[in-house]
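So this first bit is one chain, no partners, the form predicted on its own, shown in structure tokens.
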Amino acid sequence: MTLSIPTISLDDAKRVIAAAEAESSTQGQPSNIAVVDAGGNLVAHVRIDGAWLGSIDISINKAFTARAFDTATKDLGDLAQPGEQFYGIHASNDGRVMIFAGGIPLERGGQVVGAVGVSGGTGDQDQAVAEAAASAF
């Protein structure tokens, strides 16, 4: 039995990143932008000139988290606060789980096929850039 898993192509990733770059420019904050495939593996990453080096890893991990749990990292963050049902989840997966805004699953035909992760600005800026990226998919 052969399984066929829909995923994201490099062309898809480039289109998502282009939309994110445009919104990052609008926000006036340079971003790191990562796109992962259905398996959570990196397809493409861009570091806009001036974006923080420390945000490279964060953007990749936001994309991974959004795909690993098929939910926006902003929403997961709400559920990961003290007293909530997923408190402590950020320590799982060798610390790769990000619980703040900027990671969004990408869907095709109602199925999650990858995700985008953005880091470099405030949570609101990262979320706006990620939402623009996801809408281009």
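Don't overthink the numbering: it's just position in the shown sequence, from 1. Computed from a predicted structure; not experimentally measured.
The form predicted in complex with a further copy of the same chain is left out here; the points below concern that form.
- Although the partner is absent here, D75 lies well away from a further copy of the same chain in the predicted bound form, with no heavy atom inside 4.5 Å.
- At the 4.5 Å threshold, heavy atoms of S9 reach a further copy of the same chain in the predicted bound form.
- a further copy of the same chain is not drawn, but in the predicted bound form it has a heavy atom within 4.5 Å of P82.
- In the predicted bound form, a further copy of the same chain lies farther than 4.5 Å from every heavy atom of S25.
- Residues G121, T122, G123 of 103-125 are found to place at least one heavy atom within 4.5 Å of a further copy of the same chain in the predicted bound form.
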